[in-house]
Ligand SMILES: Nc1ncnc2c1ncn2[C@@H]1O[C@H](COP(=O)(O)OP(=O)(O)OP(=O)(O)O)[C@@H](O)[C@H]1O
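Encoded as structure tokens, the following chain is the form predicted on its own, with no partner shown.
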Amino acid sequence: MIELKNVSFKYELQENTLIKNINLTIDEGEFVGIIGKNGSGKTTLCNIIRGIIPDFIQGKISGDIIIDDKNIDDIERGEMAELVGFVFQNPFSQISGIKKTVFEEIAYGLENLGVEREEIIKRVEDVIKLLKIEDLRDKAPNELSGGQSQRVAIASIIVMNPKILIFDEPTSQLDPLGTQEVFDILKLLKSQNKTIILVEHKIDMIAEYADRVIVLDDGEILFDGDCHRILSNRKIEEHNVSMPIVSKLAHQINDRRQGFFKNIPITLEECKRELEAN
């Protein structure tokens, strides 16, 4: 679904190359978590994949970017909007500010694409039901809470039915309940075989939901692989990336009682199974 070959990028007026010779393949239906310290290049990498760089954000880019078997240079902007959906860190940045109700807000993107009115109504109704936000249908978008706004922002992207969904720290401004609601939506999207890329600092949530984890540092991929293998590896902490709390505790126990955990767990459920096995 996504392939980057020797991709590098340097922002205009900056001396340093931010993304350095990235080679990356993401298969259809994969749920990939991208983690790394601030400034490691996570958001820039996402902007490259969704075509914002270099069309709207200027700079020098090299390498090949293949999306759904097509070179990104050959994909029209309208087609790209339908192919790749992006959810911002701040949900209020994604609300248009010109629609009176949540229903109209969710429909806005489809209107811009010229979708027939009857089709718009059907798709918006289906998404509202899918995300269980019927209670928000007729509310004003500017009167919603942070968690409600994020669900509406996600709905406005899902309604476009993109094959690829990119989430850039979608829970950074949400409380634990709002965070869980967003991850429940991600789980639902994964069950629909959507390709999901998630930038997120909440490692314990990444551990529970992602299939695969990529660790970025200074614009380079340092680790890339199965979620369990990467997040249970103490070496990621050398690059200012935290392990899941369960994994930290398991390593500390193994330091005192060598071999207590045969496999370092990354979730509470895995920890429970390991303890029962002992």
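Note that this is a predicted model, so its numbers are computed, not measured. For every residue, the number given is its place in the sequence shown, counted from 1.
Quick note: we don't show the form predicted in complex with the ligand, though the next part is all about it.
Asker: Out of Ile245, Ile57, Ile253, Ile61, which one falls within 4.5 Å of the ligand in the model of the complex, going by heavy atoms?
Answerer: So the residue touching the ligand in the model of the complex, by this definition, is Ile57.
Asker: Within 4.5 Å of the ligand in the model of the complex, heavy atoms considered, which of Lys129, Lys122, Lys100, His201?
Answerer: Going through each option in turn, the one that passes is His201.
Asker: Where, among 225-233, 64-72, 41-49, 22-30, do residues come within 4.5 Å of the ligand in the model of the complex by heavy atom distance?
Answerer: Among the candidates, contact is made by 41-49.
Asker: Any chance all of Gln14, Lys37 and Glu169 sit within 4.5 Å of the ligand in the model of the complex, going by non-hydrogen atoms?
Answerer: Heavy-atom distance to the ligand in the model of the complex: all three under 4.5 Å.
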